[in-house]
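The chain below stands alone, shown as structure tokens; this is the form predicted alone.
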């Protein structure tokens, strides 16, 4: 059975202030879903109710079909959670810290050593397993925090802005870890207000503002739906793109609306259609042997959608 998360009519009020207003959201399958919104939009409030850290005013949350509010222990047994980056005792090593977490999580003693090593492998910290955490950088500590969320091998992982406050290297390391988690068919629900992060690691995106869900869909469908029927992808090349290839060979491919050269080795394609069209375009460009090395959703397209949808509430 694929992993799932569901929020039904989820509402949280503090006096007359509504932090979350009747959120209905259902997620299924192994993928990464970005929970996007400005600071104060209700993202962390949602995650805290989803993990029973605070109680909803109305509504209910489900993890793998089990109600968090009705059967907290069983619902959260399959969830790994990292919210607001807890501190680790600086005198402990990762092995010692994860041993404590594994014990609290009910991992059988006979399995703990293997589970701890596996979690450290997923966050690429095996070589640091017996070093004191107090000597670690902030990014390294965050990787250990993620390992703590994985030590009981959950099918659902909930992350609250996991790269916030990290330097560029730390952010890149955390994003690489999240991409790796998707390979094990886990459902990752990750809040963020960093658009580049969502574009880089997420398959789907849900946008929330002022406690209300504005939309939820795949990244490709979102950019197509809110961009006058056009989606866009950015392509990067190992070497400078020949001028005749931009508007000539690439610009004449079926479905392309426009091609923009961002710099000598990067270009942006606007096209009509969904993920199937994107796949066909990338395959066609790759077959031109121009040195294509990467292709991904355009961050600028999501930024335009984000700003236009958020500004409507002003």
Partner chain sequence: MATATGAGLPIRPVSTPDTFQQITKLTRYQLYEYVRSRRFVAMLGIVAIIGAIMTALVGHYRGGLVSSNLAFYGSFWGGGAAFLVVLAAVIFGGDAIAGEFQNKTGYFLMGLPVRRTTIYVGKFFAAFLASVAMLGLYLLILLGNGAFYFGAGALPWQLPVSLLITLVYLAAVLGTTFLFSSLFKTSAYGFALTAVLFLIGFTILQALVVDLVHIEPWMVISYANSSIGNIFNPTVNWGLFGNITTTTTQVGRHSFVTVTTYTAGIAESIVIMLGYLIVTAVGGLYLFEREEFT
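Just so we're on the same page, rigid core means the largest C-alpha set that superposes within 1.5 Å between forms. Residue numbers count along the first chain shown, from 1. None of the values given here were measured: they were computed from a predicted structure.
In what follows, reference is made to the form predicted in complex with the partner chain, a form of this protein that is not presented.
- By the criterion of a heavy atom within 4.5 Å, residue 153 is counted among the residues contacting the partner chain in the model of the complex.
- Although the partner is absent here, residue 161 is not a contact residue: none of its heavy atoms lies within 4.5 angstroms of the partner chain in the model of the complex.
- Proximity of residue 218 to the partner chain in the model of the complex: non-hydrogen atoms within 4.5 Å are absent; the residue sits far from the partner.
- Although the partner is absent here, residue 268 lies well away from the partner chain in the model of the complex, with no heavy atom inside 4.5 Å.
- Of the stretches 145 to 153, 164 to 172, 236 to 244, 204 to 212, only 145 to 153 has residues with a heavy atom within 4.5 Å of the partner chain in the model of the complex.
- For the candidate set 194, 92, 140, 129, a heavy atom within 4.5 Å of the partner chain in the model of the complex is found for exactly one residue, namely 92.
- Taking the partner chain as it sits in the model of the complex, the stretch 5 to 40 comes within 4.5 angstroms of it through a non-hydrogen atom at 12, 14.
- In a rigid-core overlay of the protein, residue 123 has its C-alpha displaced by at least 2 Å between the shown form and the other one.
- In the core-superposed comparison between the shown form and the other one, residue 173 has its Cα shifted by at least 2 Å.
- In a rigid-core overlay of the protein, residue 93 has its C-alpha displaced by at least 2 Å between the shown form and the other one.
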